[in-house]
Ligand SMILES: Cc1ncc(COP(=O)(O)O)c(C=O)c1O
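First, one chain by itself in structure tokens, the form predicted on its own.
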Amino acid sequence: MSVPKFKNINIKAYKPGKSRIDKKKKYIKLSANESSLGVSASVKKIFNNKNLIINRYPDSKSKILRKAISKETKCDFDKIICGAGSDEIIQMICQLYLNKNDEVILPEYSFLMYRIYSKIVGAKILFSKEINYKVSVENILKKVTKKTKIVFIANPNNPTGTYLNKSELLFLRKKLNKNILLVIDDAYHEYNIKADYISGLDLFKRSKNVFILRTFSKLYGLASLRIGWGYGDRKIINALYKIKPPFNVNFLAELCATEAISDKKFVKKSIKHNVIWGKKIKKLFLKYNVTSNEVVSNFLLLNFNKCKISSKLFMKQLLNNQVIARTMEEYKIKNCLRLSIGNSSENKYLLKVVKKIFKNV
């Protein structure tokens, strides 16, 4: 008996950062850019509610959450769509816009799911060169052809931790053909408090050819509940609802996200924590000639090119001390590691380990 033939999809499956190496040992996981402070106290209360109704299907249009998002961001309720993580919305955008041999432009170092979902529907990926690990608007524009349908950008960018400022984003949208959809992923926007930065949502709230992605997986700590949202022109949103799975956002995720987005105190605390610890960690690594991006996201891309040891050797030493960072092999970034900013106790331990490693080399 043979297996029915299926189509050949020539892609590499997404490979997440390691969670553990040895089941017998406890590791500090700094490999996945997760929330350093977990979830807010108000979100935790939801899990203790014994009256949660889970035997009914959730609202297929996530109206409660969309109302909360609309209120907090001053956005049009009817231009919001929720998904099982922003990943699912990326997938739906690709399904809606792309046909075989259409072209998608991505910065060479960008979130892997952009290329994976684009390739699944048969689109051709064109990579634009970055300059010092920063997205280059000029190099994106050089890649544009008549076949270009979408340009994906995360701002701040994952995995490099660099960003485009307000004028650079406006210039990009102005120079792109108006029929090309610019997708801006705001996943890390809360962490960027630089004066020249503005989120994609705040900058293009009224645009018809810009689509914004946002997530509850990072700052809000809801990664395991898989909840995100997208914002775009009503015509795009209406079309996405036609292809969206009917009950893609579970009821618990919607409740938690609704509570999380209104907890401004927790948001301020998380951002402050990230800035303080990000600068401390960056400063220590710089002492050993390991350079990194500015603290505009909840991770650092550590570059070992000027350091006396390689990223591979340093990673090995980290693992020996039960700390997990993210190798950059999947992204094809040489001699670098990505390190998430953890909670206070994790960061204190990390600093001790770093000093210990460099003392012994």
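One-based numbering along the sequence shown. From a predicted model like this one, the values you see are computed outputs, not experimental measurements.
What follows is about the form predicted in complex with the named molecule, which we do not show.
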Partner contact for Ala187 in the model of the complex: the named molecule, 4.5 angstroms, heavy atom: yes
Any non-hydrogen atom of Gly221 within 4.5 angstroms of the named molecule in the model of the complex: no
Distance check, Asn274 to the named molecule in the model of the complex, heavy atom within 4.5 Å: no
Partner contact for Thr215 in the model of the complex: the named molecule, 4.5 angstroms, heavy atom: yes
Triplet Phe111, Tyr114 and Arg226 all within 4.5 Å of the named molecule in the model of the complex via a heavy atom: yes
Contact segment among 179-187, 192-200, 276-284, 241-249, judged by heavy atoms lying within 4.5 Å of the named molecule in the model of the complex: 179-187
Heavy atom within 4.5 Å of the named molecule in the model of the complex - residue from Glu168, Glu130, Asp263, Asp87: Asp87
Cys82, Ile105, Val135, Ala154 - the one with a heavy atom within 4.5 Å of the named molecule in the model of the complex: Ala154
